[in-house]
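Here's a solo chain for you in structure tokens, the form predicted alone.
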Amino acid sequence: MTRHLLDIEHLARADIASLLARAGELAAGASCASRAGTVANLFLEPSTRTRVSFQMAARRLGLDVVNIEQQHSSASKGESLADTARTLAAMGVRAIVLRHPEDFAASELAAALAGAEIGIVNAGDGQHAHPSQALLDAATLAHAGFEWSGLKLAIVGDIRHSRVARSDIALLSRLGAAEIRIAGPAEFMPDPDELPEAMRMPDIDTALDGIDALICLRIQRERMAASGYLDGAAFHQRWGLTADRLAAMPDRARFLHPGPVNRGVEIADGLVDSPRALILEQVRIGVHLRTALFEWLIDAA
């Protein structure tokens, strides 16, 4: 059976539990057995953390890794994504890890390859989904000792354009988080009928009141300027995590960021390396989660 990771909504509840549990085991020091095969990282958008994380995870399992970037692929010559994937499948590639600028690119590719024995992993497609990021965020929170039934979490920043926010909200609501709050400038908030699982907060201070965890989202500078914030300092004063805001949060509260962080914009420069930050822990556990993901994919074949 060929498996895909396309989004959170189509991932079975048992598979979510299995992936999170296995990531926790690996993060605690469990070993993993070698697998045979080749995976291709097909990244048509820039990435450091996600691509390297998938590459390290595959190599931990003894898998061969092929890295393909837009400028070095036949896509630059006009080849369709589906034809590129069919070529890789014909070469015996077991899985394609796809990052793509268009919404639903991963699910459309999986549909185009129906019947082929090659798994598709969505490593971020447009503003649609980034399921492995959501899984590693959940694994990070679980490893830090948070329980879903009582978890109050806020996501602050550019919610409208964030595939991370959409996948995080989809996953954490399925896991039973007590409250998921969202906040950001009006221009960065989703349409009123989107993300009904989340509670909309009027400002960051209301969003942070009594929470257990905060996920700060990266702000693209061109969007920030278009929304009337002429510099990062102005945005930070209104919507960023400052020392005063962190001090007002409960002592148990921790904060995350999918990276890369704009220091002094989403998070005060001096807080990025704070003991209350789980940012590097996300990176560390991300390798474990993606190792578990490759086990899940390869073992299903």
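Small disclaimer: the values here were computed from a predicted structure and weren't measured. We number the residues from 1 along the sequence you see.
Below, we refer to the form predicted together with a further copy of the same chain, which is not included among the displayed structures.
Novice: Would you please decide whether P46 lies within 4.5 angstroms of a further copy of the same chain in the predicted complex, comparing each non-hydrogen atom pair?
Specialist: Yes - in the predicted complex, heavy atoms of P46 and a further copy of the same chain come within 4.5 Å of each other.
Novice: Is S274 close to a further copy of the same chain in the predicted complex, meaning a heavy atom pair under 4.5 Å apart or at it?
Specialist: Taking the distances in the predicted complex, the answer for S274 is no, it never comes within 4.5 Å of a further copy of the same chain.
Novice: When the contact criterion is heavy atoms within 4.5 Å, does T242 count as touching a further copy of the same chain in the predicted complex?
Specialist: No, no contact at 4.5 Å.
Novice: Consider L256 of the chain shown here, and say whether it contacts a further copy of the same chain in the predicted complex, taking contact as heavy atoms within 4.5 Å.
Specialist: Judged by the heavy-atom cut-off of 4.5 Å, L256 is well away from a further copy of the same chain in the predicted complex.
Novice: a further copy of the same chain isn't shown here, but in the predicted complex which of L88, L208, A183, A142 has a heavy atom within 4.5 Å of it?
Specialist: Of L88, L208, A183, A142, the residue with a heavy atom within 4.5 Å of a further copy of the same chain in the predicted complex is L88.
Novice: Pick from A248, V65, A30, A233: which has a non-hydrogen atom within 4.5 Å of a further copy of the same chain in the predicted complex?
Specialist: Checking each option against a further copy of the same chain in the predicted complex, the one that comes within 4.5 Å is V65.
Novice: Only one of 192-200, 88-96, 173-181, 118-126 has heavy atoms within 4.5 Å of a further copy of the same chain in the predicted complex; I'd like to know which.
Specialist: Looking at the partner contacts, the answer comes out as 88-96.
Novice: For this chain shown on its own, do S167, A268 and E295 all sit within 4.5 Å of a further copy of the same chain in the predicted complex, going by heavy atoms?
Specialist: Per the other structure, none of S167, A268 and E295 touch a further copy of the same chain.
Novice: What are the residues of 12-36, in order along the chain, with a heavy atom within 4.5 Å of a further copy of the same chain in the predicted complex?
Specialist: Result: empty, none.
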